[in-house]
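Form predicted alone, single chain, as structure tokens, below.
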């Protein structure tokens, strides 16, 4: 334990630009996570609606997508997409990617990394959304149909607003997992925080000038882990806040006094 807490082994944090080097790399992970989250949520919702759709071909196709991509190890999925991606697609992205993006997001393999994250997480989120939709009482949809709402209107105004709110904790839990899984893109040579941590540990504590201050790989990875703890804890707190606010809203609606009918004249 003395080795772990020895101040000399943590001196690299305040030496030169080591801290900024890791924080910039961690920002890459967060950017990849945000992009993949938005796409996975959108695709997952479409898959969930397809899995409960009435036409059998649509339902079977959505369920096949979920069953296939949910059960493939994510690291294999990322590797397969990176290796099978045509060179023309890689060159197109490298040449046409906006210049304001960091180098890591203009990498020729970034589409494979994000694609793998989206394929896997959209399949998992589809099951989460489907469970939330099916958890509603059947009377909710029947009441909406009695009011003359079409199927799409029922989903938009009645089913989805209630079902998705119920799935906020499970959804955020999967998004936290997605954020951690962004470290897997390091296997396709994308310079994110884990890869940068290995560079830092292998260059005597400073990847720019070589200050001579040791950066033990164990301590570097503990620091990287703390970065993920902070980011994911913020996500979990947001989830709890949303859940608490929703519980209060439901409680307020249930306890609100009903307006009694006026007595006959």
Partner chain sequence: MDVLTDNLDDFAAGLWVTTRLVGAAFLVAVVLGTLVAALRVSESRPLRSVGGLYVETFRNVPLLVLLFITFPGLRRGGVDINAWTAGIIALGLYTSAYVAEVLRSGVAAVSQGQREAGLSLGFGQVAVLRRIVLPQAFRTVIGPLGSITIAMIKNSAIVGASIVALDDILKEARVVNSATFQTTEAFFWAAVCYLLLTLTATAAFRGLEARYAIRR
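Numbering follows the first chain given and starts at 1. Because the structure is a prediction, the values reported are computed rather than measured.
The following text describes the form predicted in complex with its partner chain, which does not appear among the structures shown.
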Subject >> Listed residue (110, 184, 118, 175) with a non-hydrogen atom within 4.5 angstroms of its partner chain in the predicted bound form >> reply: 184
**OP:** Find the only residue in 46, 52, 37, 221 having a heavy atom within 4.5 Å of its partner chain in the predicted bound form.
**Re:** 221
Original post:
If you check in the predicted bound form, is residue 79 within 4.5 Å of its partner chain, heavy atoms only?
Top reply: yes
Original post:
Hey, in the predicted bound form, does residue 73 get a heavy atom within 4.5 angstroms of its partner chain?
Top reply: yes
Original post:
Should residue 84 be counted as a contact of its partner chain in the predicted bound form, where contact means heavy atoms within 4.5 Å?
Top reply: yes
Original post:
Is residue 198 one of the residues lying within 4.5 Å of its partner chain in the predicted bound form, judged by heavy atom distances?
Top reply: yes
**OP:** Identify whether its partner chain in the predicted bound form is within 4.5 Å of every residue in the set 180, 217 and 232, based on non-hydrogen atoms.
**Re:** yes
